[in-house]
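The form predicted alone is given below as one chain in structure tokens.
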Amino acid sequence: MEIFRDYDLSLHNTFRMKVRCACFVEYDSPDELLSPELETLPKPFKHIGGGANLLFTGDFPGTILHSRINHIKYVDMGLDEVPVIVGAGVVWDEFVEQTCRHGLWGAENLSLIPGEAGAAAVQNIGAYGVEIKDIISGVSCFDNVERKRCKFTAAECGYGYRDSMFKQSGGRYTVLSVLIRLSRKPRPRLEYKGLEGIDASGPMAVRNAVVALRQSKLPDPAETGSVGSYFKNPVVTADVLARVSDAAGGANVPHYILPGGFVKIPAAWLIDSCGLKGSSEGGAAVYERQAVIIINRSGDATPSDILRLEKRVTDTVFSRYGIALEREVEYV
């Protein structure tokens, strides 16, 4: 375990906010979370992964903890299904690339999503018709209240759209590892727009197509700070969809039909149709190629720049369509 004081968090959040924390801790094993030394460090505590879904709204007065549990263990018994135990600190896309290289199906649609495996399980990341809950069998955690390890089945994780029991627990549970189930049998998911008709001869071929599609729409996190999708896609009733169409002058509003009479409208369409693509506040801007993304365009955007732009977007969309956009990003 390593402990750093007055630590720069610029490289630990993909927005590249220039903020600091009183203390930063990296640990290599679950046992280190029981170290008495941790109790002497500044509070509150906050666990993070790669910082891919966080907006630090200012300097953090407590201790940031980060996992370096980086193992990937294949439980290969020669069956079609191959369970894989993935440490919370594993970079998610490196894991996906490795499984595709091994010819295993299941994670390929989730290629190029930034962040780490533990945070991915908390956030229930998703892309191109697949969510991580679709391939999770269980999650191993540390209970920060009872100070012991515990395990949850996928059903017990309470997964929903970009949501989970972990997000609702107030930081009680720290993910240690995730049990992922993959398959040797081909099972491509190509119904999402942009993936129809691609080469699906293997998981790597699908991964390559997903990577190309994401790179055509999303900023390169190595060059431009962002958290990917800043807003959730609103889930509404058919009546609300009709109202949105009317407000848009009878436009054919893109949407996805969900069970129970609900539909999902792309937040990017709502924002773009309000003329907000490219809008800016200070060093922050709505990304020109994908309106659901807010970027640190100048490289020196402040948290207040991001927050002002978020408010401008949500106020404008609500004023026109009566839909209150929800953010995906978590404030810290």
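Position 1 is the first residue in the sequence shown; the rest follow in order. Source: prediction; values computed, not measured.
FYI, the form predicted in complex with a small molecule isn't displayed, but the following is about it.
Quiz prompt | the small molecule: the contacting residue among Pro234, Gly158, Gly138, Pro219 in the predicted bound form [heavy atom, 4.5 Å] | solution = Flagged contact: Pro219.
Quiz prompt | in the predicted bound form, the residue from Leu104, Val86, Ile125, Val96 that sits within 4.5 Å of the small molecule by heavy atoms | solution = Looking at Leu104, Val86, Ile125, Val96 one by one, just Ile125 meets the 4.5 Å heavy-atom criterion.
Quiz item: Pick from 145 to 153, 219 to 227, 73 to 81, 187 to 195: which stretch has non-hydrogen atoms within 4.5 Å of the small molecule in the predicted bound form?
Solution: Result for this chain: 219 to 227.
Quiz item: With a 4.5 Å heavy atom cut-off, would you call Val253 a contact of the small molecule in the predicted bound form?
Solution: Output for Val253 is no: heavy atoms all beyond 4.5 Å of the small molecule.
Quiz item: Using heavy atoms and a 4.5 Å limit, would one call Ile113 a contact residue for the small molecule in the predicted bound form?
Solution: Output for Ile113 is yes: heavy atoms within 4.5 Å of the small molecule.
Practice problem: Using the partner position in the predicted bound form, report whether Ile180 sits within 4.5 Å of the small molecule, counting heavy atoms only. | Solution: So Ile180 does not count as contacting the small molecule.
Exercise. Please check if Arg214 has a heavy atom lying within 4.5 Å of any heavy atom of the small molecule in the predicted bound form.
Key: Yes.
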